[in-house]
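Let's start with one chain on its own, the form predicted alone, as structure tokens.
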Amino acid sequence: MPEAPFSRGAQHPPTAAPFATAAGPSGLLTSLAPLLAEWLPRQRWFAGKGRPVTGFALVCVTELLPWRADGGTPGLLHLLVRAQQPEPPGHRHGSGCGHRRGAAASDCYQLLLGARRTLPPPLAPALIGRPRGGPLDGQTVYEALFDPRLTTLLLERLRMPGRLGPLRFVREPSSTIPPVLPPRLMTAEQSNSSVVYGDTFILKLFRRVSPGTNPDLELPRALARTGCTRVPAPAAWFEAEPPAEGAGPRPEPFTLGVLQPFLAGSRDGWQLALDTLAARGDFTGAARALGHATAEVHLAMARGLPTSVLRRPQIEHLAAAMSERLDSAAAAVPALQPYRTALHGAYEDLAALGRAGRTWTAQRIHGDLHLGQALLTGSEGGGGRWSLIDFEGEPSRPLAERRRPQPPVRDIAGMLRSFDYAAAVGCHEHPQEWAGRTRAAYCAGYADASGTDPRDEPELLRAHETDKAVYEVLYEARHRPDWLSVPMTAIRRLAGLRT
């Protein structure tokens, strides 16, 4: 087989522009496009479901491991590709990989493709297809994360940091990564992919990527600098340098993956709450400890990262944005219509406080906090310790928005809504009473650590919890109609607080 006509990353000097050759291997993308158009929309982390893929644009390709034509060695290709789709009606699309105004929506995805002559039976679920023509003609292309040989190579790249074409691998100087750690792909994730190495480390790979540091790298690094131990500190990560567009400055690097300690033996808060409910046990102690942990993380982020003050213009803008989201959701979900006036009142109460001179501090927050983002290591009643994970924020939001300082109460409201969900799913008798006790314990634990009880600012808390419940109504109506009653119960409760 002749040398593949696309660039091997190692052949480019670090300061060169390897992306300049990305348009060159048109045969590669042409041969892969029919396969990707069928395979990509079936992936759980694909964000453009419900809209056809009209084309692909190759941002960069790096050959992490050359393959042999005789099939003796699997190859490993790293790609960043734009999946072009029609823009959703009324959607303001954030920049992915060089999305330009007036063009179709084009989210940028990170792909790791294995290539073999034939696929062993254990890798059959990973099959993507067999390209016709191009440099991979005659090969079988598959999702590389299913292949332990190839995921071991990723860990080795992180152990030995450096550059490979557009890719840059970085390791914290204080971290020690053993050379042999058996990998296994986790199958429970939605928006990203993760590989666990020997119950020691977990590598989180971001699938939809944008220029700029991902908060799931930025925030845990900042927290580690403050001495906060509630969040696993990154041991290594890798990124890609995007191409410059026109005469403008080069965009920020794309964060592609983060390696962190794996909390072996821990249980996430969602499953723990459901198990406690099934056993008719008490969760208030765990909830209070979780509130304490949340406050510790918030305080550390306020120490280690910039903060700002929300004054009248910012508060009025915040309330107006919540009102717009309510109107949009009510137009799509008629069940919200009877409660619109009362819910708008919650936002108006918040804006009125801004007009009266009230201010609040804004800071970096988790951004998508719920029971599934909290891990308890050790036994609940025997001194177990809560940790918080997954600081990416809501992946559907633009990266710049997720990195913006916000009131910490947004995280608190997210966790309170999570208690409601747990009660609705696992509590067969008096779910609202269970949720109420648990919510109170969580807020009390937060106050223990921070000196500020979220319940002491009811207008701020109610507005954020209402905003979260409205989002949930829209989500459930679109994706899980059988669950719509859960946020609608909260909507009725929140509306009743003001009537």
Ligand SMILES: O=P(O)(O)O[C@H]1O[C@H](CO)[C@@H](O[C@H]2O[C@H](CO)[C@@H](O)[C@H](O)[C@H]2O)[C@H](O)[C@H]1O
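None of the values given here were measured: they were computed from a predicted structure. When you see a residue number, it is the position in the sequence shown, counting from 1.
Form predicted together with this ligand: not shown, discussed below.
Participant: Counting only non-hydrogen atoms, choose the one of 428-436, 441-449, 55-63, 468-476 that falls within 4.5 Å of this ligand in the predicted complex.
Facilitator: Among the listed stretches, the partner-contacting one is 468-476.
Participant: Find the only residue in 414, 407, 134, 234 having a heavy atom within 4.5 Å of this ligand in the predicted complex.
Facilitator: Only one listed residue qualifies here, and that residue is 414.
Participant: Heavy atom within 4.5 Å of this ligand in the predicted complex: which of 143, 368, 296, 241?
Facilitator: Of the listed residues, the single hit is 368.
Participant: Judged by heavy atoms and a 4.5 Å cut-off, are 373, 395 and 480 together in contact with this ligand in the predicted complex?
Facilitator: Heavy-atom distance to this ligand in the predicted complex: all three under 4.5 Å.
Participant: Do residue 51 and this ligand come within 4.5 Å of each other in the predicted complex, heavy atoms counted?
Facilitator: No - in the predicted complex, heavy atoms of residue 51 and this ligand never come within 4.5 Å of each other.
Participant: Any chance residue 390 has a heavy atom within 4.5 Å of this ligand in the predicted complex?
Facilitator: The answer is yes: residue 390 has a heavy atom within 4.5 Å of this ligand.
Participant: Does the 4.5 Å heavy atom contact test between residue 418 and this ligand in the predicted complex come out positive?
Facilitator: Flag for residue 418 set to yes.
Participant: Though only this chain appears here, would residue 152 touch this ligand in the predicted complex if you measure heavy atom gaps against 4.5 Å?
Facilitator: No, residue 152 sits far enough from this ligand in the predicted complex that none of its heavy atoms falls within 4.5 Å.
Participant: Just to make sure I understand: among 43-58, which residues lie within 4.5 Å of this ligand in the predicted complex, judging by heavy atoms?
Facilitator: Going through 43-58 in order - heavy atoms within 4.5 Å of this ligand in the predicted complex - there is one hit, 44.
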